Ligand code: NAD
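As a starting point, one isolated chain is supplied in structure tokens, in the form predicted alone.
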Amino acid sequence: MGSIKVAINGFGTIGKRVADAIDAQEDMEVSGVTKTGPSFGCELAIKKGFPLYCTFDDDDRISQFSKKGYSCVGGLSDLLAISDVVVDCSPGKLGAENLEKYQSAGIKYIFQGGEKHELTGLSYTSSANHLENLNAIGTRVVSCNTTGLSRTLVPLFEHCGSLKVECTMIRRAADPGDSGKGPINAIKPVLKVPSHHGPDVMTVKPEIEINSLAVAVPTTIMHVHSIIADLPKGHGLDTDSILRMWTDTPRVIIMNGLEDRIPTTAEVMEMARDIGRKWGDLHEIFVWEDGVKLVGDRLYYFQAIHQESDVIPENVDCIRALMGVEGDWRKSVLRTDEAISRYYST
């Protein structure tokens, strides 16, 4: 198979990052990206050399781009016609409408975690269910929080054979570019109990028993998870062996808050900037080593999630699953991450 042609429908916070990650891969190319209308985001697409399309097939909307000096190739239908798979990065609640367009075009599709599992009937995260998504027509890459939970819980489950989890999600209120959201000077509990975050893990690993609560706090930096996991009798683990397990798990970083002087999410994101990550992103899940403790059969730990970026490499692995070009999730992860690292270092 030649290079996989990938359409990005929505070139915003997630879309621009997915486009870069795909552009880094040797087996993929960005066939085009969409914007709803002319805006500063068009400048980035043009600078990157990504063909620019309109989210709509309306000629009047398409003509607005040229009036602002942007070359727009055509509408969404034109982009889908030349692509093998579309990654939907459009705002939430547009899923059902977009799904009809993708099915009519006969193209494979990937939605993001803002859409519900029921839209596709299939969800994805690299470590949990890569094989189940092999050669599928369409799927949904789970949310940043579900991705983060899967990264640390799936290896535990695979060792133990069962797992019961309660977690509290301390959620950032908005992304850095979302100036219209709150709370401001308040802590806002999510009064839907349990919150959707924990149970969403069961869309990719139904064997894990998990519930969650969530609160939104006035920060835009990261999410933090406070997790309690009950392991079955005879698990044979201790705190150190769990830390070694996660050290060997792709896309997980273990650091000591006290010794490494990285006690808060602010220092975590500063570290990402210091090591030269594009946009200061941290694709990995960050676990505080000194916040991990196994007491009997009960495990306590904290982890931090960079909400803008942890799902980005998962989208790349998901494309390989849908296209049936790599059945081993670890091989895909290695290929994805090495390519992204090279791309950002050049």
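In this text, residue numbers run from 1 along the sequence as written. All of these numbers come straight from a predicted model, not from anything done at the bench.
What follows is about the form predicted together with nicotinamide-adenine-dinucleotide, which we do not show.
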Within 4.5 Å of nicotinamide-adenine-dinucleotide in the model of the complex, counting heavy atoms only, one of 284 to 292, 307 to 315, 63 to 71, 44 to 52 shows up; tell me which. 307 to 315
V165: touches nicotinamide-adenine-dinucleotide in the model of the complex, heavy atom cutoff 4.5 angstroms: no
T120, heavy atom within 4.5 angstroms of nicotinamide-adenine-dinucleotide in the model of the complex: no
Though only this chain appears here, would F56 touch nicotinamide-adenine-dinucleotide in the model of the complex if you measure heavy atom gaps against 4.5 Å? yes
Touches nicotinamide-adenine-dinucleotide in the model of the complex: N9 (any heavy atom, 4.5 Å): yes
What residues of 203 to 234, in sequence order, lie within 4.5 Å of nicotinamide-adenine-dinucleotide in the model of the complex by heavy atom? none
